[in-house]
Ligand SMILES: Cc1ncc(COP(=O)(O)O)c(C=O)c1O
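Listed next as structure tokens is one chain, alone, in the form predicted on its own.
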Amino acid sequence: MDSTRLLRRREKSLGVGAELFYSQPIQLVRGQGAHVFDETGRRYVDFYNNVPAVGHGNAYVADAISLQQRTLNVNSRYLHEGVVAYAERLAALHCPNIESFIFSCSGTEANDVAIQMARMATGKRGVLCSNAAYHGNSDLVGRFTNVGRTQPESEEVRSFPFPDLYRPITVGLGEEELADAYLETIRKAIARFETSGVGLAGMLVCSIFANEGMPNLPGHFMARAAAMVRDAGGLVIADEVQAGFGRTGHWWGYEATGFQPDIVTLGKPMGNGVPVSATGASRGLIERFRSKTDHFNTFASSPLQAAAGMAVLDVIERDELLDNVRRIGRFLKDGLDQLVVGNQHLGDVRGRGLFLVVEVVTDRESRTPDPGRAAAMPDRLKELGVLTAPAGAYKTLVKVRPPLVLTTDDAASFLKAFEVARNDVCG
């Protein structure tokens, strides 16, 4: 199908305004491993999509899904060993605080459940997040998007400046002093909850601050922030929707940033394309929530979800993908570090495992965000056969987040393309 005609049909059937990447949208028809193909047969290396974590068209996962769908798929009000076994296996991969799960279909729903759970457990209403967060798009969870920056705070939702060594809230401080400065903003936000009578239910953060821009954190920041929240009677919610399932080279992002949550939310890569997410916590927290809500989702806790989730875990372990993430991630980071040296418009490379970002700036000295060039880089990379996207609190990052099955050859191809795009867009 011609892309121009398809775009017109899309606008009519979905409505103008449904988001598309790139100034010239790309039509994809097939994927395999870390590659996708357009309607002409042209191949692109996918450096963006986190859902097919173990690869586009993964045959092992597809076979598991197909077999389960041919055998049985029902809602959660029936006993099924596959669902129980999957929950047990997930719990075994987490820290001791995480014992039981409530399954759902999206990261939004998982975070919605987590917030309700924290409020029921504490009897308080206030939830703290960063000022450049994104945790979903329901009425409840959407209140946490960019709150304190482009969206106002409320009595029940307050924010703190996301911790960042590249653009710190106070220039000239050492790491410990800078951590203290950021923690002071959390202390003040908690105090405002207490003063207003709302009280602190918890803190919801992406374990690696992905939407904020993958900032390098001051030393021990997350462990200290978590302790501060618990000392105030709140619960710590780790949003692992982007960070989890090996993305950082650890099973979970909270392992990479050095803290343990009371509640964890999982999503995107769990089913390699099958919609499945989860909220995990202690058995006590889960059972209290269930007793007070009678929470139910027709499509969640299904045998199909469990089969897809189990297959993803199998592939990550069988193919030693955590090792692959660490190895290829180091290769990419080293290569990008070399490519930004001396370029006035590329200010920083940071990230963990196979989640890296390159900061695009007007000049390296001022570190002023340059969203125009940042948007142009993915367009040029697409022309060169590599798919990325702009991201970050200031929309000035080139976001590098390929499937975990990425090979060294694919990584090398990306670095060659990035060098060309750098020269064309950033001089």
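Treat the numbers as computed from the prediction; the structure is a model and nothing was measured. One-based numbering along the sequence shown.
Unshown form predicted together with this ligand; subsequent notes refer to it.
**Student:** I'd like to check something about Asn111: if you look in the predicted complex, is any of its heavy atoms closer than or equal to 4.5 Å to a heavy atom of this ligand?
**Tutor:** Result yes; Asn111 sits at the interface with this ligand in the predicted complex.
**Student:** Wondering, does Phe160 line up within 4.5 Å of this ligand in the predicted complex on heavy atoms?
**Tutor:** Because no heavy atom of Phe160 falls inside 4.5 Å of this ligand in the predicted complex, the answer is no.
**Student:** Would Ile237 count as a contact of this ligand in the predicted complex, using a 4.5 angstroms cut-off between non-hydrogen atoms?
**Tutor:** Because no heavy atom of Ile237 falls inside 4.5 Å of this ligand in the predicted complex, the answer is no.
**Student:** Going by a heavy atom distance of 4.5 Å, is Phe259 a contact of this ligand in the predicted complex?
**Tutor:** Flag for Phe259 set to no.
**Student:** Any idea which of 325-333, 114-122, 132-140, 281-289 reaches within 4.5 Å of this ligand in the predicted complex, heavy atoms considered?
**Tutor:** Stretch with heavy atoms near the partner: 132-140.
**Student:** Which one, Val241, Val264, Val312, Leu354, lies within 4.5 Å of this ligand in the predicted complex by heavy atoms?
**Tutor:** Exactly one listed residue reaches within 4.5 Å, namely Val241.
**Student:** Name the single residue among Pro218, Gly148, Gly107, Gly347 that comes within 4.5 Å of this ligand in the predicted complex, judging by heavy atoms.
**Tutor:** Contact residue from the list: Gly107.
**Student:** Can you name the residues of 251-289 that have a non-hydrogen atom within 4.5 angstroms of this ligand in the predicted complex?
**Tutor:** Sequence-ordered list has one entry, Lys268.
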